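Given next, in structure tokens, is a single chain: the form predicted alone.
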Amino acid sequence: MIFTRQLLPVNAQFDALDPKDRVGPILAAVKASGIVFDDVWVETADSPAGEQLRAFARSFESAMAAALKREKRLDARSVHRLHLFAHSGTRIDLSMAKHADTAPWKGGIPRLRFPSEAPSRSTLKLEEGFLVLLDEDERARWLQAGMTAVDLGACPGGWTYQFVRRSIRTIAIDNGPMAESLMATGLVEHVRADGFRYQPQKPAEWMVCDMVEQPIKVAERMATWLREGWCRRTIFNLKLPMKKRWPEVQRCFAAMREAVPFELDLRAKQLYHDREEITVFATRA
């Protein structure tokens, strides 16, 4: 679900809740299900109208949590979470979902804080990419100090920063200048070269790319890196056309799979901190 942040089953809909007792009907549905939850989230749309409901959502979430606790419907060991989506103060959708089937953030949005020492806000793209496209075990195994990475089109170093903060040695490829703070760490080698023509002398664990180019050209170059063994895994952006985005994604993925003599593990998401493109993870399956 590349363009979907959160996917939830709608188990019940309440279209005309009484403002004097919103909790009662929802609690009755919960009790009838027989499910115990570890938490309850009241969510709203990521829109101006949704923003106006945030205060209500926080208040109603507290009220629902208290009611669930009274009815012994909260248990930290449960694998289920109760999701309530508020269209308004009287119209609410109810979803009973397992953690494994849903995004671990409200609305599917990881609220990341921009690090003051990072050279650009683009660093949030890669940070969210690591969180969304990799699981906890993969992050622990694949983002270890002492590993090596290549950042194509690195200037000024927003993506390189994510590796440096993890003590991963990075070759930054860009004809532009890199942030002095990154160069001072001793973990970055700056190579002034064209990111699409550069070939590494040694294989790297990671290659990342956030360059502005036609999606198919980016996809084909990423496949070359994987096919030649220049990197073990990659995260890159595809800046899709305004129309026919999904067909273009299919075209790029098909080209990548045809270009390598092995199975590819391809994962992609339109990230919250990068809404104009999709971010893709690729590695040998």
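Numbering starts at 1 and follows the sequence shown. Model, not experiment: these values are computed from the prediction.
The form predicted in complex with a small molecule exists for this protein as well; it is not shown, and the discussion that follows is about that form.
This chain is drawn without the small molecule; in the model of the complex, the residue among 97, 168, 86, 211 with a heavy atom within 4.5 Å of it is 211. This chain is displayed alone, yet in the model of the complex one of 183, 193, 147, 131 has a heavy atom within 4.5 Å of the small molecule; that residue is 193. With the small molecule omitted here, the record of contacts in the model of the complex names 150-158 of 132-140, 78-86, 150-158, 105-113, defined by a heavy atom within 4.5 Å.
In the model of the complex, the small molecule stays beyond 4.5 Å of every heavy atom belonging to residue 93.
Contact between residue 205 and the small molecule in the model of the complex is not found at the 4.5 Å heavy atom cutoff. Residue 164 falls outside the set of residues with a heavy atom inside 4.5 Å of the small molecule in the model of the complex. None of the heavy atoms of residue 127 is located within 4.5 Å of the small molecule in the model of the complex.
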